[in-house]
Each structure stands twice: as structure tokens, then as C-alpha cells.
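Only one chain is given next, in C-alpha cells, and it is the form predicted on its own.
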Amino acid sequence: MTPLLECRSVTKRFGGLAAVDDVSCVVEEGSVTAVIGPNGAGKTTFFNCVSSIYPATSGEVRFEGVDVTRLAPHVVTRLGIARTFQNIRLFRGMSALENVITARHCRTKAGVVASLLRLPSQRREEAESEAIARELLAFVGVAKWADSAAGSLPYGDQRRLEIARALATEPSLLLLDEPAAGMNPRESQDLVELIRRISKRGLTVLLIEHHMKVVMGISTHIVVLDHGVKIADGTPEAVRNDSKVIEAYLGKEDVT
């Protein structure tokens, strides 16, 4: 069976530096896969290659059997890969609702003429997008902020809003780059529950995370990077007991 995502010897170089070096892995449909490793391990660069923010220098990224290595990011999004970012990238002056509606653009069909003339088809799409956006705001737990400027939301709710915006693109694969960064323990636990609910909706999740309790609490599979190289790839239990992982990373963390 073809995996949802397959990375084959993915390498990304910046001049003489290999930020990601010959990384191969698969993400199975329905899984929650975590990418972990110390700071500077190449995790976000790897995400950028998967989402085509950066084209890989060499190697191949295949999504649902299709080579997406050098496609434009908006094409990759339309194919079904959505992501959030380590540094929140909301449209801060727009409302929470408008942020999510904007993400629906890749799924709407009305063209410029229909929009300018406010044709019935365009109005139907607009109403549908708003309904979907409101449902997603409720799903992630920020419905009360629908009409508030995104930049005015509490930090944890901005994280949730970013997830809602990514979900609005109707992805098959959701990439979350350090979604628990800056959150307190209660917010982190709530995030774990949200990821579980996202998974139950049928989405596959690939996440970068430093909080090991989050990783071990939610992941079905873990890939470990160190200095751009994959040093482990397996179940949470196997990774927890891997000597290379303990030496490079987990030995410094409380993962119980």
C-alpha cells in the first residue's frame, strides 16, 4: 500500500551546509508522526521541503504517490498538504473569522468576474466558506473570538486559530511546527486533545515538537533528526529506548 507521504533521500543544502542530509521516511495514512531532535537538527527545514517552501536540493518528496518535490507551495496546498509555522503567521489585523475564510480560497471556484458582479454562485460559495470557517473556529475552541482581530487573541488561542486556518484548506496531511511552543502545561494538554480530535476526523498529522510529554502522549510514530541526519525512526517505545536518541536528545528531557 502506498504511504500518504514518502520522503526519499531528501537533502537540503545552503551553500556548503547540509541542513537536511539524506533523510528518508514514510508517513502512513491516519498516523500521528512526530519529528523530534535538538535545536538545529533540521526539523523545520525538513518541514519546509515537505511543504515546498524550500525545494529539496536532492531527493524526492512524494504525496499520495505524486512527486511534489518542486511544485509551488500553493499547488502542494491544493493537493492536500497544509501547515502551521513555528512563528505564528496570522493576518493580525483581520478578524479570526476572516483569517479562516481567506484560507478557503484554494477550494473556491468563483473567478474575478463572478466576484465583481456578485453572481449567485459566488454568494453561495461565500456563505459556504463562512459556515465552514465558523464550524472550524468552534472545533478548535476559539468561536468566541470570531469577530476579534487575530492579533488581539491570547497566545494559545492564536495557535489554535492557525490550526483552524490550516484545516480550512481541507488537507489530508496536516503539518504542525511546534504547536505547543510557549504554552503552559494545561494549554499543552488541551492541544494534545485537539490533535486527537483532528486525527479522529480522518486527517494524518505530522508534527515537530520539543515537549516530550506531548510527543509521547499523541504520537504513533517518531522520526528523530540530529544535525540534519535521521538517527532513529520507529514507535515511541522504540525511540524512547534507542541509545543514539538518548545520547543526542532524550537524555536531556523528562519524558515520563
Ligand SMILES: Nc1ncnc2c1ncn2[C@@H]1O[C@H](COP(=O)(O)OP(=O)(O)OP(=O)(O)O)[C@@H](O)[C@H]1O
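Start at 1 with the first residue shown and count on from there. Keep in mind that what you see is a predicted model, and the values were worked out from it rather than measured.
Although it is not shown, the form predicted in complex with the named molecule is what the next lines describe.
In plain terms, the part of the chain that comes close to the named molecule in the predicted bound form, with a heavy atom within 4.5 Å, is 40 to 48 out of 26 to 34, 190 to 198, 66 to 74, 40 to 48. Contact annotation: R62 falls outside 4.5 Å of the named molecule in the predicted bound form, judged by heavy atom distances. Among heavy atoms of N184, none comes within 4.5 Å of the named molecule in the predicted bound form.
Contact check for E178: a non-hydrogen atom falls within 4.5 Å of the named molecule in the predicted bound form. Taking the partner from the other structure, the named molecule in the predicted bound form has no heavy atom within 4.5 Å of any heavy atom of H211. Exactly one listed residue, out of V10, V239, A19, A248, brings a non-hydrogen atom to within 4.5 Å of the named molecule in the predicted bound form: A19.
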